[in-house]
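As a starting point, one isolated chain is supplied in structure tokens, in the form predicted on its own.
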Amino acid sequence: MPSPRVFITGIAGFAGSHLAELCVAKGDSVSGTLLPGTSARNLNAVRSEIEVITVDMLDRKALAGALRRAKPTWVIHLAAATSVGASFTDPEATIRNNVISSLNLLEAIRQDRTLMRSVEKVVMLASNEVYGRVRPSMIPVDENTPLRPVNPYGASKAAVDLIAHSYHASFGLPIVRVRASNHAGPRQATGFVVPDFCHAIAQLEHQKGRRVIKVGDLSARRDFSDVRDIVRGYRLLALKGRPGTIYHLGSGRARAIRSVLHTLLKLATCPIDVITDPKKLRPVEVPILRADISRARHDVGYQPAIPWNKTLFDTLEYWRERRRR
């Protein structure tokens, strides 16, 4: 069987770069999109083994050309505006970047007969934020939980999820829909809770005097995973996932943000005080999200493998190394 040709949108991003490394290690032929003007630094380890195509996914014609050039077997769509916090500041940009880019991708495939024949799987990414404020009796959420997003990011991902469903139902695109839980690890940019904590600790370790980290709501509980586990799940779903099916990827466990910070502070080389900053509180917060991942376990053999403490240690070390450069 020939090696799959994997096309990763957002290949130089946080998850995209980890997925590219995994696919190269598996012997896949790998290509993907890079937004003009952005860095490909995350791909340094595999840059010579992959093809990076600079294209703005809001340009449907250019994106269609990139797909024809790549001739993919699998398309894994990771390019997105991913910050819940930023979506409160600029909802329009979040919705435009997520919804229109996804529509352009599916249309580029649908309108090309060659791609419709050659593409065996399209993995479309949503998020557990599509569920919004879930009643405690509905935890863990499964794939049949109603979509009730409470922030613009979650709304944009719910729209992407439903558009993907319609393109499978209406046009027969071999789409697998994924609702991924929170994931962390090396290379994740600030603007998310784990890298924000790690970046702050790495800076504070080299300061004198009283060291203080400012935080928002620490009571929220999230289903955290290591990005390297999550991208392994993406590839498994491209390989074995059933088109037309929704899958959860996550750890299946809810962790309080407070416990994440507590673990990181124990890894710090100096004492750090914690204070609440009202500016870091969101207009609306989802108290708890935890995913039922039994379908992914059953269908494709997905099983988280990386200990959470290793994820936190590796992420803190990444930010320490960034500071030393």
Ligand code: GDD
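Residue numbers here begin at 1 and follow the sequence given. Just so we're clear, the structure is a prediction, and the values are computed from it rather than from any experiment.
If you look for the form predicted in complex with this ligand, you will not find it shown, but the lines that follow are about it.
Contact check for A220: a heavy atom falls within 4.5 Å of this ligand in the predicted bound form. Proximity of L67 to this ligand in the predicted bound form: non-hydrogen atoms within 4.5 Å are absent; the residue sits far from the partner.
Although the partner is absent here, I257 sits close enough that one of its heavy atoms falls within 4.5 Å of this ligand in the predicted bound form. For the chain shown alone, V123 is not a contact residue for this ligand in the predicted bound form, no non-hydrogen atom being within 4.5 angstroms.
Checked against this ligand in the predicted bound form, the candidates S101, T94, S251, N128 yield a single residue with a heavy atom inside 4.5 Å, and that residue is N128. The partner is absent here, but in the predicted bound form a heavy atom of K280, alone among K280, R297, K26, R41, sits within 4.5 Å of this ligand. Taken together, the three residues T82, G191 and F197 all come within 4.5 Å of this ligand in the predicted bound form, as judged by their closest heavy atom. For this ligand in the predicted bound form, the listed stretch (142-150, 108-116, 210-218, 238-246) containing residues with heavy atoms inside 4.5 Å is 210-218.
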